[in-house]
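Presented below, as structure tokens, is a lone chain in the form predicted on its own.
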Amino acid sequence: MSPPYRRLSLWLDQVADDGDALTPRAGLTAATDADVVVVGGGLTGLWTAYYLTENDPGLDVLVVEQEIAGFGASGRNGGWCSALYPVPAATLAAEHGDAAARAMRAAMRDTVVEVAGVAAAEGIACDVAYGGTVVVARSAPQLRRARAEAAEGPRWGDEAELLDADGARARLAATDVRGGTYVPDCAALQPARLVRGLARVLEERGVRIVERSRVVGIEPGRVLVEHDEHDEHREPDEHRKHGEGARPGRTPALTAVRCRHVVRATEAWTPQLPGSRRAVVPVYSLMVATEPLGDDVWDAIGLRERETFSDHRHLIVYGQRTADGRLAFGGRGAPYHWRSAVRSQYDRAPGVFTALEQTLRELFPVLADARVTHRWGGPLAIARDWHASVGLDRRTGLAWAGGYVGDGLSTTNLAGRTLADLLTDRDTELTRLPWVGHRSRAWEPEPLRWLGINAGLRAMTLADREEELTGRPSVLERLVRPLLG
């Protein structure tokens, strides 16, 4: 019996119901060679492999995954394939010029179409709906932020419509709506169906995918892989740190892979790689999903075009209407864990789940009696300057991508296309985008890291309460903004 991967999210549970047993592929048990080794079987790694085979079908590409394809954020996220990017366009413009910022925004908008287009072309049924995103404003400070966002968008080529109260409620009939924004550049989709389907397409193209195989060392021209030869039915063990000694009862075997290039596509698990402890921090985002809701309930809520939705509060919340009529809803608020720990028990935080369910019912009183059927979570990665990046060190042959701050469902595709161009020596518009080659400074050592991140998370909750009490933009938010990128 394979480990219960279906319990990791609603999305993987649905994939299992589709007939995908989520059985791990064979691990790497013998030394081998490859042109490119991709470390990580999530969307960054799989998209990179996909576009490498597009650019050069003759390349020998090996994907190494420590659990199963889609185990991490790729199989657990909110299902927003959006043009969101964690660095504001104005910040990119200050560093690289207006033209570069507009190019980055255009690339993100194009990526939404690209993801859906590839899914359709490859026969990956992942419930894509081009509904855009509605973000409601439920207080005076939130409405001020909505107006600023709508005014800023056209400068960078983004369509951002400012909605009055009636217009916002027509899309999302939440409580206390005063207005909002609507952007068309987002598609709701089922992320686990996307990532699992993409893995199948890659195998049909001849890409090798090995699972239950943990990379414990990355060097120029070589990757060291650990595989549990005699423990095929162990529970998922994402919390164990790369490179540490084996647990009792395990029989690890080390295998070397020789290659020309290595792509690090490990996102929130990056701190577990030797030498990368402070490259990014893993911060947890949690979700809940209701049972399928009746038409009368949806008539009361809206989202008729399956818009993704949020509001303009500081502590991020996000949701979508699923293809089978559920409301899937998530948010931040779970703590950062000491020394960037990633453990399976952190996927579930009862207090955060309770807060999410309370918020959901506060937004939509019609859900008072709706049953919540799924609760799950997982880590996302944040660089010290909140700047996602992609790059290739041509001297060593080592490439990387990540730090998406939760905006990775689409950005992984842009990363994969860009890495494929870099690795096949193509000079393209993608390889000249301002995130290429960006290097973020390291996070502070502990205990500063733990204190600062958790203080920042707590401050966002308090900032929202401050605005509820005062009716004015939060002073606390302005004070902690530098910490939060």
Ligand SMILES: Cc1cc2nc3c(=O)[nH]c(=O)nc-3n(C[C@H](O)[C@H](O)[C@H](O)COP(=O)(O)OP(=O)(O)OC[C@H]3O[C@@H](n4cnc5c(N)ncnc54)[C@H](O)[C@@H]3O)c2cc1C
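Sequential numbering from 1, following the sequence displayed. Nothing here was measured: the structure is a model prediction, and the numbers come from that model.
In what follows, reference is made to the form predicted together with the ligand, a form of this protein that is not presented.
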remark   = Exactly one listed stretch (170-178, 376-384, 291-299, 115-123) reaches within 4.5 angstroms of the ligand in the predicted bound form by non-hydrogen atoms, and it is 376-384
key: 4.5 Å heavy atom contact, Leu419 to the ligand in the predicted bound form   = no
key: is_contact(Ser285, the ligand) in the predicted bound form, heavy atom dist at most 4.5 Å   = yes
Contact of Leu43 with the ligand in the predicted bound form (heavy atom, 4.5 Å) = yes
ask   = Are any of the heavy atoms in Gly333 no more than 4.5 Å from a heavy atom of the ligand in the predicted bound form?
value = no
inquiry  = Considering non-hydrogen atoms and a 4.5 Å limit, which listed residue (Tyr318, Phe353, Trp156, Phe364) is close to the ligand in the predicted bound form?
reply    = Tyr318
The ligand in the predicted bound form - contacting residues of 402-429, heavy atom within 4.5 Å = Tyr404, Val405, Gly406, Asp407, Gly408, Leu409, Ser410, Thr412
